[in-house]
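In structure tokens, one chain follows: the form predicted alone.
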Amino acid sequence: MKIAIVASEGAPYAKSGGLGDVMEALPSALSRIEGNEVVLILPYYKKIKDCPKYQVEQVCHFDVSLGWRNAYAGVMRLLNGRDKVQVYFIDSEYYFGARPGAIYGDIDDGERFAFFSRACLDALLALEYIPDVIQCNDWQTALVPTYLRAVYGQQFPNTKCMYTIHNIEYQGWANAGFFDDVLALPWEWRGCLDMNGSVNVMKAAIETADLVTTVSETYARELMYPYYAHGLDGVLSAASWKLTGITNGIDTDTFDPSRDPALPAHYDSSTLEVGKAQCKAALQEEVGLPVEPDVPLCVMVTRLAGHKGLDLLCYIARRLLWEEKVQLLILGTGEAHYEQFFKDLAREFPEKVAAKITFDLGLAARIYAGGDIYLMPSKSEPCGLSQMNAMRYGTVPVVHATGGLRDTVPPANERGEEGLGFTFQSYNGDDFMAALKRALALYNTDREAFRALQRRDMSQDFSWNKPAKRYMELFRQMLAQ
């Protein structure tokens, strides 16, 4: 099967969050399935252009029609890629190549990614690569299925399009004039883009794609409700017949405690007790906490943003530190008030709290390996990767049972049996505290049962093999329609 995947980011070339991780792992997993030919198309950002380790060649160039103007686009082929995925970059000095800093956040992001969406289709034509399936992701490529149906139907008569929602909070809103000034689509397509008198490109993708997916089964159901859907619940309910969830995997080659180069000691489920103890002691020393092997170390690697449940952690933090013999370690950057809270907490409890307000992948791996309990009380979580990373390293998660957290962390009982972690249903600090205390009680009173839970976590298959097979099932289902 010929599969084209288009996205605004993909590790290791450009990454701002979980989408980047998915766009590294999913194309690779699909390419390993016999008979598949996979291409990945990304913007040619300045950070990619300036990186000497990526060797590219220009294979073609053309003008992209964007409203009343034409904009240059070049297609750069990556020469030293990994696996069997052929990576292409859309080159535009104006929209991508001359802009330093973050890959999102420019005032003309709507125009930039409208250009990118249309350029991807033009690039496939120029490369004479007519895919069976195009898979596109989030609002930045939400215009691909709309352009495909409205403008490129004759050139791609049999191509099907899957649209994947990774985070519905960001939908690609623009004022009504964006339709004429930038998109210049035929008038009859205005209705699918219109929402409350403005343009919403995610709405259009939901209506025009052949199939809509999101990144966990539970999140797909949650999107039927206003609490989670950020205004699109009605649109998604109308399209529920073509909406499904596929829970993401993680890169089990990268996240592997038996060979992770960032760790001071390696271990697997059979050497868990010794290896993890060494990692814990080294981590405590690294972050300035007392090296106390029997004190449970609770950890969190996260963006410091409200929807990650940090308000709950802030609410219970001092009570937790006063009532329990415990250590707390936070790694991440984000909203200033959360950064300041954890800095202040570390100053108030220097023997119990360490706050590392930074982005450090190596330290993140050592935290997954050295922690005992992983905290993830997210208010909403489409899929979540950190809880799976933590379990891969034998760190027991305490999570809010929402979205992908519900799907990947079935609840254990108070004896640590049956499930994979400790969960709470209602989003409030007291329920979070109760779930955390259950985890701490198991750690403190029955270490063998806690170790058994850790080993069970490590034995789970969180690879991309199952999700990739599910994607293939849905691709075949689309092509059979």
Ligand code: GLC
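In this text, residue numbers run from 1 along the sequence as written. Only a predicted model underlies this, so the values are computations on that prediction, with no experimental measurement involved.
Quick note: we don't show the form predicted together with this ligand, though the next part is all about it.
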Residue stretch of 104-112, 160-168, 199-207, 176-184 approaching this ligand in the predicted bound form, non-hydrogen atom distance within 4.5 Å: 160-168
Report whether the minimum heavy atom distance between C383 and this ligand in the predicted bound form is within 4.5 Å. yes
Does any heavy atom of L19 come within 4.5 Å of a heavy atom of this ligand in the predicted bound form? yes
How about N248 - does it come within 4.5 Å of this ligand in the predicted bound form, if we only consider non-hydrogen atoms? yes
At 4.5 Å between heavy atoms, is V215 in contact with this ligand in the predicted bound form? yes
